[in-house]
Structures are given as C-alpha cells and as structure tokens.
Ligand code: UTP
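One chain is shown next in structure tokens, namely the form predicted alone.
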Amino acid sequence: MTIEAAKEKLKKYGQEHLLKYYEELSAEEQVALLTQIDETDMTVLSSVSHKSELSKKGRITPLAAMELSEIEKNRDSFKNIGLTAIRDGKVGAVLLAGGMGTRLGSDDPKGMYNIGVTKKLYIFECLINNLMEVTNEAGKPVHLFVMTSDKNNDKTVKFLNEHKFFGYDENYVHFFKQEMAPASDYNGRIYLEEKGKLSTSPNGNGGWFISLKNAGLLDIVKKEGIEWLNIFAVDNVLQRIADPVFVGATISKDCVVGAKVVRKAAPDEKVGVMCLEDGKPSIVEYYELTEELMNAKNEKGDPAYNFGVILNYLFSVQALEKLMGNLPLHIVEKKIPYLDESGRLVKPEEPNGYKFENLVLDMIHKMDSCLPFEVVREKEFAPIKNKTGVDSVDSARELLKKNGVEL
C-alpha cells in the first residue's frame, strides 16, 4: 500500500491520526505500518454507534442433548460411521492455539506449558497424544490445522518442529495465524500501541474459519475432500479429538454441527449452555442465564439448561462456506494499552475502549441443526485456565492421573 492509498483509506474511516508519527519511522517501520493499515478491516468501527443493538438475545428455549445412555446404546454404530469418515479422509481438526500462558505465569504460548511432575508433559503433547489414539485406531492421520496468533506463531511453530510434532505426521500439520481486529476508544478511534503499530486484538474464537480461508488453507480442505472440521481449544488436556463416536452421531443424526457438552456441576457454573434462540440452535452464556432459566425443568424433571459447552465442535465444511462473512459482531469493553498525545505508552487500570470479535456461538446460531453430545466430565473435561484452584494445572493433573496418564 502506498502512503497516498493509506491516507485515502484512513480519511474514509476518520482515522488520519494513525499516520501522526509516520515521518519519524524507519523505512522498514513505514512499510509495516502501511501494510497493517491495508490489512485492517475498519468497517467494524461503525458498529460502535449502534452497540446496544448488537447484544440483543432472542427468545431462549431448551435444546435436548443426546445423553450418555443413548450414546452407549448406539456406540458401535456411531463409531463405525465415524471411523469410516476418518479413513475416507473426510474429517479434519482445528486447534485454536493463539493464547499465551500468562495466567499460568509463563511468557510462552499456552500449549508449551509443561504440566508433567516426574517428566515433561506439555499441553500440546497431551492433545496430540489424544488425537493419535484415534488416528492409530483408524489407521490414518487426519489433517490438523493449528491456529496461532501474531504473538505466539513463531514460538509455536519452532516448538512443535523441535519436538517433531510429538510423533504426529508433520505432512498433516498446517499452521495459520488468526486475523486481528482493531482496538479503539469509545468513539471508534483506533489506538496506536506504538508509533508505527495499530492496537489490535484477535478477532474472537468465531474468526477461525475466515482466518483459515484467508491463509489459503481452505484449498487444502477442498483438495483433500475434508467434509467435517473438529475445532477444539488448546486448554482442555483430556478432550477427545476427531472422536469417531461423536463424528458418527453427528452424521447419523443429519446435523450440520455437533457440540460436545458436559452436565453442569452446579446451576450457576460458569459455562455457556446449549439452547434454542428463536427456534435455532444457540448458546446462552452463563452471565446471561436468569434465575428463571437456571431453575427451569424439562419434561423429565431435570434442569432444562443443564449441558455446558466445552469448546469442542464438529462443523460441516459445506455449511461453514455458506456462512462466510455473515457473522454478527461482538463489541467487548477492555483495557487497551495506547500512546497518549505526547507519544508515551499508557497501560490503563480500567477499561478504556473496545475490541471487536466474532464468536463460535454465532456460527452455531446460523446453522440449521446442532447435536449437543454429552461426554463424561471426568473423562473429557480438564481445562487449564488458572495456575491453582478451579480449572487449574492442579485440577487437570488430578484428572489426568485418574485417566491413567503418567505425569
């Protein structure tokens, strides 16, 4: 992008201040800034003026899950369907690994965190081991797409290469970076975090598919005949990936998306729950659950909103392509470091602006059908969000031990 083209774009969106320090930058820094201006989607900024309209929820009603009893009854049938799909190359997996281990006291990507006690056992290693249990049984690897971020891409790629992908076939591993969205003040004015760098943040966990497409990896998906993508988060070390029973159940029920769920430990547990919103599949976040919804019962007398999502979903590629670029925007209030008028970096202690995100829950809500698929919490849900306490390294270690994983 030329400086003239950048000025034209910035004028269109009222962001001319982003070139304030342009003349002070080195030639290399100038090119980097112009590239960032060129690549930044500034259309999201207009949403600030109608922010309140974006967060409106529709009418929430229950969505029944396929429970463990039904899954057990049909396990062999589901598993055969799933294994056939894997062997036919129709299933791929997408690891959402853009986060850092900051809350665990680490400056490295979260997946590099060592949770071993008597030996080294990394989060990435746990996940690949889980995936290889399935691929060894199927006799064929699945393509694994690893979504990184600007902050952790180089370290992640280097780490996995150095560890030879923990035994996984490197020809089936593909990296792509999550796209970034601008961060602005309350008036939609983009902050500078450095004199030659716009303040940005990842475009939300619903931005994975557009990021994968824009990185050119949808070409691999098409070429390889992949029809289903299993997306999963980096921080759950017990989850089953490309689980043939889950895949088979989703296919046999003719759903375009499947969602692994666990029974809530308590009515107010901080997990989003599966539901219908205006008659279509959706997720209601824990902070949106009213007392009425928490206490609602189904026809069996059980809690009607009792199944929490664990960020492990199976999407039809065909359905995803129809969805492309048609997701609502979420505006999140955050603390955003920025340069003040004198060019000094300020790290605010209170929220001072907005970040813009797409969310997986909206991808699901745009789909026609969804299968909530119950899994046993103690066998498939060991999230690592904190160093100690609830959902921590300690609690994950205990669950790994119970499941026979040597630490």
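Start at 1 with the first residue shown and count on from there. In this text, the rigid core denotes the largest set of C-alpha atoms whose superposition between the two forms falls within 1.5 Å. Because the structure is predicted, anything quoted here is derived from the model rather than measured.
The form predicted in complex with the named molecule exists for this protein as well; it is not shown, and the discussion that follows is about that form.
A heavy atom within 4.5 Å of the named molecule in the model of the complex is found for one listed residue only; from 244, 141, 202, 308, this is 202. Checking 357, 362, 374, 380 against the named molecule in the model of the complex, a heavy atom within 4.5 Å turns up for just one residue: 357. Here the chain stands by itself, but in the model of the complex one stretch of 116-124, 187-195, 229-237, 154-162, 229-237, has heavy atoms within 4.5 Å of the named molecule. In the model of the complex, the named molecule sits within 4.5 Å of a heavy atom belonging to residue 385. Within 4.5 Å of some heavy atom of the named molecule in the model of the complex lies at least one heavy atom of residue 103. Taking the partner from elsewhere, residue 96 is found to have a heavy atom lying within 4.5 Å of the named molecule in the model of the complex. For the chain shown alone, residue 178 is a contact residue for the named molecule in the model of the complex, at least one non-hydrogen atom being within 4.5 angstroms. Along 118-154, a single residue, 147, places a heavy atom within 4.5 Å of the named molecule in the model of the complex. Core-superposed comparison between the shown form and the other one: the CA of residue 303 stays below a 2 Å shift.
Relative to the superposed rigid core, the position of the CA of residue 102 differs between the shown form and the other one by 2 Å or more. Relative to the superposed rigid core, residue 357 undergoes a CA displacement of at least 2 Å between the shown form and the other one.
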